[in-house]
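Two forms, one protein chain; structure tokens for each follow separately as structure 1 and structure 2.
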Structure 1
Amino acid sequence: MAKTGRIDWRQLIRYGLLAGVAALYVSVIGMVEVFSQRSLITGVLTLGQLLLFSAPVLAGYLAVYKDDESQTAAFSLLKGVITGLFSSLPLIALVLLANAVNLRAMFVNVSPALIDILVFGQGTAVGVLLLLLSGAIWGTLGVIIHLLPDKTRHVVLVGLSWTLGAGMLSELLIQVFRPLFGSGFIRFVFQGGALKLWASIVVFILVTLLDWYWSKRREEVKTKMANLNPTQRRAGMGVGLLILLILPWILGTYLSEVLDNVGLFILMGLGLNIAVGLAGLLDLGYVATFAIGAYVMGLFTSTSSLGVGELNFWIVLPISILAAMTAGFLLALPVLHMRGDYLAITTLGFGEIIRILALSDWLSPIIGGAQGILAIPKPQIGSFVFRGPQEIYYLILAGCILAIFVSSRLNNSRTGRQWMAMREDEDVAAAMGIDTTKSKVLAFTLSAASGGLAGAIFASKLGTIFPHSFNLLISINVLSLIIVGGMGSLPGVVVGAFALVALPELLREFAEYRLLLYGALLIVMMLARPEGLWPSAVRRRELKGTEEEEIEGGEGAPVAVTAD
């Protein structure tokens, strides 16, 4: 924007029309109509409306983002109105065109129901005026958000995020709260699977007050946490472990199944994080180790004709892990001198080779081909059988705790610092005396262990395994959760798994748009927060250039590397 008080029409038009085209796109592909079936606040806001309205809000915010401080608030608000008006033009064009010609011949999702949503249930003339008015209002709201003081803006955005999140996950909250508080409480707070208006206001107020209080006490609490004695730390860890142990019986069968899936991806993410996040080795064939662990478990424990041993789960578990580690070691040998794209393509090929071999007629007599392996027994300890989702949860939880413990020890070891040095510059690391060949082999081998463990548990959890369960998308999902959570960060793996695995599981009615949302989220993350949702301190310094933080014994410790 010009600093002279003049309106830069080209920039306003560009932001407005880009927002309008984005809203038009999600409308034409059917997202708005499908998402409108999920209410966030009863009678006030649906997920489809949020999808539409967020575009002009963002456009209005960006229109004044780089404004000079001398600009008056009224002038900034005028820019928001103009940007919002232009953002509504593509949708208005869609409405008018749909009334003139049969667009469904070309765009099957441009249905009468979609047009009715866009015109707010009114006629075309009134609907067009309402679209213009709503665009201006939402564009202005984006400007208002920008004009708020920094601390106030943060508190408001946190409150809105939690309120909208609670509305989106209302069905989940209903399942959790009904056994605890009864049906009367559910009817009091929720209606039609969404929050009531008064409840959403209460949630917003409570969250904003808590966030404001936390901003005042954050440093004090961090200081107290850092000064806890060992007994207090162990007590805190004990309380956290107790919560994790009783969690599946609070959440029920379905949500325990969701947690199980999240846990398996956390296991794989912790393994891949060693190769990608620490050592900087882009592995797109990680699903191969997952498949090898599963097939070894299936072959040695199955009671079907393909079973070769009918051994106990606990005997085969270390064999599955060792088999996966052997595969990781063998993969490392031909790629020792590859970097970047070449390494990614080679590992991608390795993953596809394993999947095609599993489907092949050549190995069909051994591993079942497309028919897979059936009759894999459930693990058990004595008379206790890990039969359902609530029982298998404990097995996955134990695996995740073990993987986190090993990963944290590796992060803070000499080996971990060598990996991080190699990730930053392999040539410099070699010049400092690091054996990069040994480091690469070790990274691929150790990262494969978690994949093998996850595959073994996965096979016993399902009782059957098929080749189509081990496609490329598994590797992409695991890599995506590391990127979104924060490469090199152990908490980031957990956060990324919940963001990319749990949330889609809880919103299964939108499964057809899952990959589209994945792509959009990755783009947003790369532009707005490339370090991830919960980055390691080292990664944050690298990408954001913040002041160095020295965390004794933590991930953010300075990287000091020495040769073996």
Structure 2
Amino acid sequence: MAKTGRIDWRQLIRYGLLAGVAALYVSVIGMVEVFSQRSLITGVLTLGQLLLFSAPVLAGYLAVYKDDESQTAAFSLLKGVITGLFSSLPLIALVLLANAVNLRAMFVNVSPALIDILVFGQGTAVGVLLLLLSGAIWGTLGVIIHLLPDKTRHVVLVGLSWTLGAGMLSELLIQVFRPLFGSGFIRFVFQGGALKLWASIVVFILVTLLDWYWSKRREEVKTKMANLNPTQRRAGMGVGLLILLILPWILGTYLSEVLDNVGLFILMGLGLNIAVGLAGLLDLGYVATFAIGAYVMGLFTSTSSLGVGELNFWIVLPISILAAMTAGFLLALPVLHMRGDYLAITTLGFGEIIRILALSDWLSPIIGGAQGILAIPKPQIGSFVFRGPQEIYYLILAGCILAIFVSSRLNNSRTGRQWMAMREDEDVAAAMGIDTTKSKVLAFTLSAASGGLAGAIFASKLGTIFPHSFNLLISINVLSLIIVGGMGSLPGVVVGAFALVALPELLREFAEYRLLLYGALLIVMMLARPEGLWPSAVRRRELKGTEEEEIEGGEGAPVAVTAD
């Protein structure tokens, strides 16, 4: 077929303007300005710029995504330019408007600093031209990425994402590398909490080389891994465990604290995963179990006037878990016959009732009201006190290992199958002989256990608890992480917790936009990848199976990932 070129203006304008509106959105809500404070490559690129420019790149990529081979490269590039130009229009409008009227009276984040970023610090007239130019460049870049041969594109994208990732996490890397390589090295590679330009190029080259090497050796390594004998396997696990054990002392106090928080969320995620991921019961009041665990721990161990008994942590720990399980059990009874959406809102109601009661003056003589419970002692074994985040880490690690063990046993058992069957089709599950009443009650009860455990550890880790710590956002946080990780998948919970808890803590710029991103993630995951980042093993095996088949089946057909 002869090479032709045809420009579908409507489509290009649509993609361009959509990208422009996205860029406008992140600018107006203040993300660009805040993220500009995080430099990725010193003096070259900030996170804010990356955010701003990724929209036209994506638009350029999409604009030619559906084109077939018949398009000439020149035409494709032209399309990129056009799309990019249009993507700049909304931002230009913003700049002009901000100069004309005081937008800030309403849109608090349209600050002079933001406008300055948008015009590249060059004033309005030059800035507008620069915006157009940059739009065209980034749109074209998107097209170029699309035009690259598949393998090259893969390598380039992997290299880029690792480089940008390294730039983003520079502060973390600095903290880890300083004790290992000394300050000289740090000054050599990093500047102002970001990679130096030459260092980022080195990272890019290294990663692409490694990726290329990996793609050659992948199969070999995989078969080797699969053929390890049990002793080697055990040795590998031993090494893994050892690393986990010394981790807090490598990472230092601050990062251990982050790790502790991740661990608590992993614990809660594992619990909620039973109800939501396996049994399909959307529990939005999970924070209630966390609160109950924490309050029981607080009440029975506190040395303050509210304390009852001043018992030992280890005695109260099982009581906390049992109390949470009892709450889960009682909560299950009324919702037994409710449909999914009613169940979600009822459980949400339970969570809120618990919080409101904890805050009330009515119960404050018992549980402290808004003042909470103070003076909760740290746990102790013999003379070893779990004082700081580095020590508490072991407690949380033990909890997580226990919870993972229990969850994986349940996952692969008759009980797990009953839950899944119930999730898939409750009526049929009953017709197959599953007592769905019992299964639901069991799911809620067991699911509450690790929430209670997390709460108990949380209480003694902080030493004080307030009702405000137990709001709906915790439930949403836990729900988001299991959905992002992959419902029903245990590694997914861990991946999800790191992605949704550790990342925002490490990148403090994210803090303000954390819930915005969670919300967006929930929507995007449901629309695009309902199985999560790390789907459960069965799911993955299956997805792979269908892909391979399609490759065999349709000659030259585009390799579509069918997740249905």
Partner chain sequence: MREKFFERFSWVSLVLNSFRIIVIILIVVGAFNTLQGGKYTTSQWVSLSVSGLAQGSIYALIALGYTLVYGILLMINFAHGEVFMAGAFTAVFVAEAFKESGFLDSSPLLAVTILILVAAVVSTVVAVILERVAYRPLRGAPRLVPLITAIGASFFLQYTFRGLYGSGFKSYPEVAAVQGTWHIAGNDIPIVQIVVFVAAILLMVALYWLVERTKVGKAMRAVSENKEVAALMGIDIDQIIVMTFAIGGALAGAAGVINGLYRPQGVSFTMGFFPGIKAFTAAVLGGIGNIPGAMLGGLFLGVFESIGPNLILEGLGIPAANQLKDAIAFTMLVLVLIFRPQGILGERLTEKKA
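Here, residue number means position along structure 1's sequence, counting from 1. Between two forms, the rigid core is defined as the largest C-alpha subset superposing within 1.5 Å. Since we're looking at a predicted model, the values are computed, not measured.
Here the chain coming from the form predicted in complex with its partner chain is structure 2, while structure 1 comes from the other form.
With a cut-off of 2 Å and the rigid core superposed, residue 525 has a Cα displacement that reaches or exceeds the cut-off between structure 1 and structure 2.
Core-superposed comparison between structure 1 and structure 2: the C-alpha position of residue 107 differs by no less than 2 Å. Superposition on the rigid core between structure 1 and structure 2 places the CA atom of residue 125 2 Å or more away from its counterpart. Comparison between structure 1 and structure 2 places the CA of residue 98 2.6 angstrom away from its other position, after core fitting.
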